[in-house]
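Just one chain is shown here, as structure tokens, and it is the form predicted on its own.
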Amino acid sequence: MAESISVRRVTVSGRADVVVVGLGAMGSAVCAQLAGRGVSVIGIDQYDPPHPYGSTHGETRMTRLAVGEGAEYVPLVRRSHELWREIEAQTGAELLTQSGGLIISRPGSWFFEGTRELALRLEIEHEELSPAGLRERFPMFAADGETEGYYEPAAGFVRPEAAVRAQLEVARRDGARLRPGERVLEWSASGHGVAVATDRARYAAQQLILCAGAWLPGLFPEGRDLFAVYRQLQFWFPIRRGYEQLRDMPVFVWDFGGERGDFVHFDGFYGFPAVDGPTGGIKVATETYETTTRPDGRRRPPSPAETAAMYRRCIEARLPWLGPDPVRTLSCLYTATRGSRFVIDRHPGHETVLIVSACSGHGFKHSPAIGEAVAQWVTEGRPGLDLTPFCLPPAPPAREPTAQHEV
């Protein structure tokens, strides 16, 4: 690495092998895995992670082995389950709860049939539930006579804030220099390496990894048309009866059978067991794709009208054990691509820059395995798991060898 890498010819405040921008799900995992391999790493986030302004918050995130979105995700989630347990052993944190997972749907939907087909083909332990069996085993769901169930005992949920906190703890222990509260203003790359300027300091490194989630379009304008950011809503509806059964139930996805297209991931809603006691409610959420947004560091919880619409459309006739007035609500951001794919690839114009972002609403469960694979790519020249399904589209025409990107 050249000794004089700088941003606009000003003094460099810190040098490292790798700079990681964004310390949420992907960034915290990448930092932990790199630092564990003895790589000198600087991790930057404009907030103090875990924080509630992006995508990595809300108490629970679902994990399931038979990933209906595609077989290419299954090795990632399998390895992630192993890594969650390793991180728990290293930190004492409680991260992965394998409560079981239930998918509810009428036959014929791409998501339900894809999940079932994967489980059969890859020999993932599961049970198929008839409409009568579904109602008998899980009476909290008011399913009709045509609605079936798929139950997977190894599925469950991960606690996102605790997971980010634990991986940053591991990274820090292994020597990573973490810089919360610094906003990236610009970055540049050349044949000599990369440079990053924040509102507090300037850094130089051999490689840059962008894990910025909803802030990625500002850092990677060449790919702006590939991504769309959507505000998503989460609700904790109150428990009216059956707390013990709701506490012990699996995570679930109720699939309405709609088509996936453009940026839309799936049509339905999902939820979690009662993890906060009898007065904490049941967390449920859906996905909406009508209007894009931009991250601005503000919390935008659902309006009363949005809350009422969620209850009417998803909850009232399907989860009658829940009441209509939420205990609490919040919003988060999905950074989506067409077809709900991830993006994990080299920058099309700079070999020294990696893009690790755009989780499309279903990336958290895969994040430790992605972090490990990216760290292997950086240190060994190739990832241990196949990341080629998540490449960028074909590169645009060649650019000048040195470029600067302002946010």
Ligand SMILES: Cc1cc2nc3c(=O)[nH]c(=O)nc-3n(C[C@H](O)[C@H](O)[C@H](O)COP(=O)(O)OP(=O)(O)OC[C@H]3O[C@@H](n4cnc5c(N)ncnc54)[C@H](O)[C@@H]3O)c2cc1C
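We number the residues from 1 along the sequence you see. In this text, all values refer to a predicted model and were calculated from it rather than measured experimentally.
Only in words, not in the display: the form predicted in complex with this ligand, which the text now covers.
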Taking the shortest heavy atom distance, is residue 19 within 4.5 Å of this ligand in the model of the complex? no
Answer for residue 334 alone: is it within 4.5 Å of this ligand in the model of the complex, judged on heavy atom distances? yes
Looking in the model of the complex, any heavy atom of residue 81 within 4.5 Å of this ligand? no
Classify residue 377 as contacting or not contacting this ligand in the model of the complex by the rule of any non-hydrogen atom within 4.5 angstroms, answering yes or no. no
When this ligand is placed as it is in the model of the complex, which of 170 to 178, 124 to 132, 147 to 155, 228 to 236 ends up with heavy atoms within 4.5 Å of it? 228 to 236
Scan 266, 270, 112, 73 and let me know which has any heavy atom within 4.5 Å of this ligand in the model of the complex. 270
So which of 184, 103, 209, 163 reaches within 4.5 angstroms of this ligand in the model of the complex, heavy atom to heavy atom? 184
So which bits of 357 to 371 sit within 4.5 Å of this ligand in the model of the complex, heavy atoms only? 358, 359, 361, 362, 363, 364, 365
